[in-house]
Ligand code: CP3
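A single chain comes next, written as structure tokens; it is the form predicted on its own.
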């Protein structure tokens, strides 16, 4: 059975424009909060295939999206490379042992050995595929090497990225060594996700906007493209979505063998269509806070539809859904996307 989301990723004609939401398996759903409470903490939930499968499927069943996205976290990669990850309530993820030198990098596990430690992710994918409706797609994902490296170097989330960027300008060789090691693990991790059963790959570069435009290709985009090229060579039928957040100034320089470009909410859809619409299917890009108002949601969905005209497009938010959005409003977004784009 064909999957509307996969067809749309490949630029094929679909009966309506498919829709999903970043962070759709998450805290806005009471059902998710119940499973998370049972798990005890966020990492336990990521490590439990049965529970991770359950929360992955919830938004498909409750909200009616066209694709499920694997429930996991981008930081399971450095965690399994041997870094000490914890999630501190109110403060987010923390590594007690950030990378500051080549010696720090060399103590980390790389390549096949690191990717092979993520068995709970592959087990989760297999469980999801057993239960997911045949016409719904399953999206697997990874953080981009740059986004992963920011946490590995800073030791936590940051507003300034000054530790990373000090390395970028004063010791670029070390930063490239970190990015190269992470890239090798990511390639094999995504390959194993595909082998386990995912239908589509998304690469998130959440912190793309931390890099000046002149340096973006060198320190992030080329590594994302390397991952995409590696996967496309082995699995040409698997669509790849690139989502670098906040880099409209780089749109003229975007290149690579992938299928879908994710547009963040701060970038006008008109600009994305003008610069990239002929080369890639576009995904996005409603401002997530519009979900607080059904009227504001409808207004945005109709505007995006008027720009994209149902062609080479996937509806989504321009970043993740927020925890206090009413479930009814998320359902309204999905139904409006389907209403305005029905052919």
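Numbering follows the first chain given and starts at 1. Predicted, not measured: the structure shown is a model, and the values here were computed from it.
The form predicted in complex with this ligand is left out here; the points below concern that form.
You can rule out all but one of 200-208, 259-267, 183-191, 123-131: in the model of the complex, only 200-208 has residues with a heavy atom within 4.5 Å of this ligand. A single residue from the set 217, 226, 73, 104 has any heavy atom within 4.5 angstroms of this ligand in the model of the complex; that residue is 73. Just one of 281, 69, 291, 52 comes within 4.5 Å of this ligand in the model of the complex, counting any heavy atom, and that one is 69. Shown alone here, residue 255 lies farther than 4.5 Å from this ligand in the model of the complex, counting heavy atoms only. Contact check for residue 27: a heavy atom falls within 4.5 Å of this ligand in the model of the complex. Remark: residue 221 does not count among the residues lining this ligand in the model of the complex, judged by a heavy atom distance of 4.5 Å or less. Of the heavy atoms in residue 98, none are within 4.5 Å of this ligand in the model of the complex.
Residues of 79-111 that come within 4.5 Å of this ligand in the model of the complex, judged by any heavy atom, are 87, 92, 93 in sequence order.
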